[in-house]
Ligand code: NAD
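One chain follows as structure tokens, the form predicted alone.
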Amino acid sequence: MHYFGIIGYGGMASYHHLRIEKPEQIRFKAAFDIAPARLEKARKDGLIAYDNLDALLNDEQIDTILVATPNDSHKEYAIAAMEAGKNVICEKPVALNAQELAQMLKVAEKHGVVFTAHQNRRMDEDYRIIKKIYDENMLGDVFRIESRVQGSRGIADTWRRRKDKGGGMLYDWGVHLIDQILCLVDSPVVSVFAEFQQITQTEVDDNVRLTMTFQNGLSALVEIGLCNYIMLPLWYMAGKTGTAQIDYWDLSGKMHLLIDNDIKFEDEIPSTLVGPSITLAPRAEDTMAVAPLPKADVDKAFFYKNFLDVLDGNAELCIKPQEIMRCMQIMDLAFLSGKEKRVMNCKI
């Protein structure tokens, strides 16, 4: 049996404790929080509630700590836990920049403990569908991927509105979307360009557009927007022989697949819905096939099953430190690109 402790018993921590499927060999035992109300909630949820950090870290039965505090304190708490000999799972983003993360990884190596991030959206069904289409080359050579989340309610009135706490949408949702793209495309990122806007906020970004260009020529757009009353598709992926689109969280969407590319251009400019145009004249219907999106395997329990196997020495981490670092480096460049309003060349 492996016993886990929690630092920061807010919404995500209770989600880990009560809602995420876990192997029976993993059991959450205790929590620490600086807020009495959250400690009381932890007690009601069946946990031992420690009112100071040392008491939690000195609990010898606990071998792993989940850090689920606001983003600015992840580094402090994770390092304290690792120096106490505990393995650490850290909510995303694990740090505010790559330099902080490097310090955390150095401590993990020094003490021989397991350190990883909870990148749970690698198992979202929409992403698994896109990954299946990409991995199985259903669209031919893919040259463009667009991934976005949009809404119209702004940022909730919590620490996520505060810059000093690591608030804003690149940290909140961007870290997930970037991680998904990096796990999808097996090629170095060679340039990053980002645009940030503050439409409903004054301290942090609530609209972000980030373009990553890969060495293999593929371009990926990540977009987060919280002032969108008409929403664009979650995913749009274009290849030489097809296009796929996922419209919304209900997984509505389709693929258009090329079956005949023997295009004959007319001698005379045809009339189209856009006016006279040879280039934009519609393709003959018998040259394309409309196909449903494929089904994809989803294992919502993947994270803790893998973590247990790692603790027992039977597997490698599925969310590796070098993958966490790569994502953090892209985010660092995105913030710098937004500040300097220019493309950042790199090889990440």
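For clarity, every value in this text was computed on a predicted model and none was experimentally measured. Numbers follow the displayed sequence, beginning with 1.
What comes next is about the form predicted together with the named molecule, which is not displayed.
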Is F32 a contact residue for the named molecule in the predicted bound form, using a 4.5 Å heavy atom cut-off?
yes
Contact label in the predicted bound form: N87 to the named molecule, heavy atom within 4.5 Å:
no
Does the named molecule get within 4.5 angstroms of any non-hydrogen atom of G174 in the predicted bound form?
no
Using a 4.5 Å heavy atom cut-off, state whether Y248 contacts the named molecule in the predicted bound form.
no
Ok, R160, R122, R148, K75: which has a heavy atom sitting within 4.5 Å of the named molecule in the predicted bound form?
R160
In the predicted bound form, which of the listed residues (A68, L56, I65, A42) lies with a heavy atom within 4.5 Å of the named molecule?
A68
Heavy atoms within 4.5 Å of the named molecule in the predicted bound form: which stretch in 318 to 326, 281 to 289, 34 to 42, 300 to 308 meets that?
34 to 42
Listed by sequence position, which residues of 74 to 110 have a non-hydrogen atom within 4.5 angstroms of the named molecule in the predicted bound form?
H74, Y77, E91, K92, P93
